[in-house]
Structures are given as structure tokens and as C-alpha cells.
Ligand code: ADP
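For reference, the chain that follows is the form predicted alone, supplied as C-alpha cells.
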């Protein structure tokens, strides 16, 4: 029996969805042999090896800033993930895959080819902004502005929508991974300690915030002293982490503001009277809604399942292939597409 598969092939995570059921959710990382470039491990197993590899092995992130950075590894990763989630099938799955709106036609075709060679058929690409809007249940079929912000790991996709189409959009090369890099740099500068990306991510998850916390929180972390070269245990506060993260958060706001400045004023007025819809894993960082609400001076809406809005919207769009064929996304039946709460 033929199946349809929706894919969010993100910078940090890959999600495969079929009939509203998550078949696979794995990190978008591979461990490869440094000489032959042959994959040794994918997904969670490869993620656990980051920063812990011998010289003959290397961690590879095939998706950078939402685009394919290593085509061969991306293709082999999709092949592995298809096999893991679907097994061997006589009929290949029909696939829709989300990609940042700023992607060129060549980048889109490259992703389509990788998915086809990995085992898909009739592969189509949907803009992440449109997919996120559908996944959040936003009806943009009528005249009247809607705004969607998808804060991913490597890209923040921003789009204003109206009358079934994209009015303005941007794929800003900044995302939640940049918060990790900011924490690494801050710890190096202030504590003279070098930490890895996994430690930085854990600090972000535990006490990270893009607004000052009402109550100070302190955790202990481990790294390598830059001067002695020895392991060091240090304490870092939520105020420290806020200081590290605030510039990146404001860069995301600036990207959003840039799209608003290019959007017609009547549509901006509609957005301000409604709300700005924020999704993606970065939307769940503590204080993100509060920060954007204060700076944009409008209501912010974030769903608890923000990490899955894109793949859910892509899955909904599979019911209507014409959505992908029409570059303007003009739909009369968009109400049938949107995902209910």
C-alpha cells in the first residue's frame, strides 16, 4: 500500500511523519571515517559521539542553516532513516519535505534529488513558513495579514501571509544553535574555560533565558581550563547565560522587524490587530514570547508543540499536491488543510 511521508530535514533534527504519526525523530548528524568519508553512525548514536571522537572519525552535520552542506551524507542519512522507519517496501513513499523560504531553485532541486535517491517518489518541497502556518492552524486564504516566525536550529524563517500567498519572507541565518555558540564564547571569555556544544546546549535548556529571570538560578558545569589544560568544574548563573544569549535574541528580533518593514502597512496593521505566530524549537526558549511581545508591541502566540508545526503542516499539505505546484500558494480550500488544535 502506498504511503505519504512528510519530512522536516532540519539543521539539528530530522522528523518523519506519516498519517499524523511520528515515525522517526533523530538528530541530523553523522559520524564518518575521516579518510574514506564513509558513515559509521547516524542520529542519536552519532550525536553522543560529538566531541568524543578519535582522530580517524569525524562528526558531520549535512544540513547547515537549513540547506544541504554535504550531499552524499544527506542522501545516506535519509536512506538510513527511511529504512529504519519504513523497512523494505515495494512501493516507494510519496514525499513532501520542508525547506527555508530563502532556498534557491538549485538548492530545492538538490534536496528533492537526495530524497528521491534515498527511496522516495514524487518528492516535493514546501516553504517552511507556509508549512508552519498550516501546522499551527492559521487560515491565510482571505485578505488579511498573518505573520509566522519559525525559529529553527540554524535558520529563522519569517513570512507574512495574506490572500493565500506569501507577501514577504526571509530566511535569516540565525537560530537556536547560535545561542549555544554564544554561551561557549561567554564561558571562554568570562571563566577561561572551554566547553563543548553539548554542554552549552544543556546549560541553555536548564537555565537559558532571553529575558532576565525573576529568581537567580545557578548550575555547575564542566570544561577544560584554557591555561592549565586540566578539567575544571565551574558555576554559571542564569544572569550569565542571559548576558550570553541576549544579543542573539535581539538579532532574531531584528530579522523579524526587517520583514515587517518590507510588508505593506495595511497588512502590518492586520498583524498587529491579530498576533504574531512563533514556532520552532527556538520558540520554546524561556522568555522568547515575552521578549518578542515587548519589542513588537503585539500579542505573541506559541504552541506547546512548536517543534513539530513544520512537519505537521507539510503532512497536511500532502492532501493537496496543487499547494506545492502553485508558487503563490493560492488555495480556495485552505480551510481543509489547516491542522486543528
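Numbering follows the first chain given and starts at 1. The structure displayed is predicted, hence computed values, not measured ones.
Not pictured, yet referred to below: the form predicted in complex with the named molecule.
4.5 Å heavy atom contact, residue 68 to the named molecule in the predicted bound form: Answer no; every heavy atom of residue 68 is more than 4.5 Å from the named molecule in the predicted bound form.
field: 4.5 angstroms heavy atom contact with the named molecule in the predicted bound form for residue 135
entry: Heavy-atom contact with the named molecule at 4.5 Å: absent for residue 135.
- prompt: So, in the predicted bound form, is residue 289 in contact with the named molecule at a 4.5 angstroms heavy atom limit?
  reply: No - in the predicted bound form, heavy atoms of residue 289 and the named molecule never come within 4.5 Å of each other.
- prompt: Do residue 153 and the named molecule come within 4.5 Å of each other in the predicted bound form, heavy atoms counted?
  reply: So residue 153 counts as contacting the named molecule.
Site check 17, 124 and 313: each within 4.5 Å of the named molecule in the predicted bound form by heavy atom: The answer is no; none of 17, 124 and 313 reaches the named molecule.
- prompt: Which one of 285, 46, 276, 32 is close to the named molecule in the predicted bound form, taking close to mean a heavy atom within 4.5 Å?
  reply: It is 285.
Partner-contacting position among 72, 116, 201, 139 - heavy atom within 4.5 Å of the named molecule in the predicted bound form: Result of the distance check: 201.
query: Just one of 233-241, 252-260, 139-147, 172-180 has heavy atoms within 4.5 Å of the named molecule in the predicted bound form; which?
result: The contacting stretch here is 172-180.
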